[in-house]
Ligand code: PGA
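Next up is one chain by itself, shown in structure tokens, the form predicted alone.
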């Protein structure tokens, strides 16, 4: 299976207009059976996106994050049980670097993964190093610690989790990592997971656009893309979908 994930972040879009632009420009792309195209709007727009995309033969719905807590006295948070009330939500991003910088530790990310799997929602788990870590030569050790924090989870199934490698220094900067650097990291992640008997799909994210996505997707161990800024434009996102 291939995956194309859109992270709209804290942006509110004209959903009808976005879907129209996407559908009018996507041409002939793979079916849902071989390519899962998942749109993650902000929390308030999730119900509207579900409604507007109901007749799309391509688009699925995901969430940008979830709480590690069960429903209760936690102001401003959304639980996995809340997400499961929407039967259309099958995926959820966790461990994004922006959330890690806001306080999500490896332990919290692990808790979120557990909650999502318990609700039969597939986690899209983000991992990735800072530029300082990369330049210090400690990238593999850093990635190993992030992966090790959840890869021993006994309920982890090969088809229930997706890994998204996003080097922090490439997110939102317009500067994608060099192909050789992406390859090294993806291969390391794959090898590490295989030692745990986990056959997870691995995505790349970080300043992905229509111009560079085809080359990135040509790498043998990359099963898809997590797209931020370029996903806000339905036409641009459609062009990325055409590269699968």
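Numbering follows the first chain given and starts at 1. Please read these numbers as outputs of a predicted model, since none were measured by experiment.
Quick note: we don't show the form predicted in complex with 2-phosphoglycolic acid, though the next part is all about it.
Applying a 4.5 Å heavy atom distance criterion, does residue 143 contact 2-phosphoglycolic acid in the predicted bound form?
Judged by the heavy-atom cut-off of 4.5 Å, residue 143 is well away from 2-phosphoglycolic acid in the predicted bound form.
Residue-level question: is residue 62 within 4.5 Å of 2-phosphoglycolic acid in the predicted bound form, judged on heavy atoms?
No, no contact at 4.5 Å.
So in the predicted bound form, does residue 9 come within 4.5 Å of 2-phosphoglycolic acid, heavy atom to heavy atom?
Yes, residue 9 lies within 4.5 Å of 2-phosphoglycolic acid in the predicted bound form.
Wondering, does residue 234 line up within 4.5 Å of 2-phosphoglycolic acid in the predicted bound form on heavy atoms?
Taking the distances in the predicted bound form, the answer for residue 234 is no, it never comes within 4.5 Å of 2-phosphoglycolic acid.
Options 180-188, 202-210, 53-61, 31-39; stretch whose heavy atom lies within 4.5 Å of 2-phosphoglycolic acid in the predicted bound form
That would be stretch 202-210.
Of 161, 78, 171, 108, which one comes within 4.5 Å of 2-phosphoglycolic acid in the predicted bound form, counting heavy atoms only?
Comparing distances to 2-phosphoglycolic acid in the predicted bound form, the residue within 4.5 Å is 171.
Does anything in 86-103 come within 4.5 Å of 2-phosphoglycolic acid in the predicted bound form by heavy atoms, and if so which residues, in order?
In sequence order, 96, 98 come within 4.5 Å of the partner.
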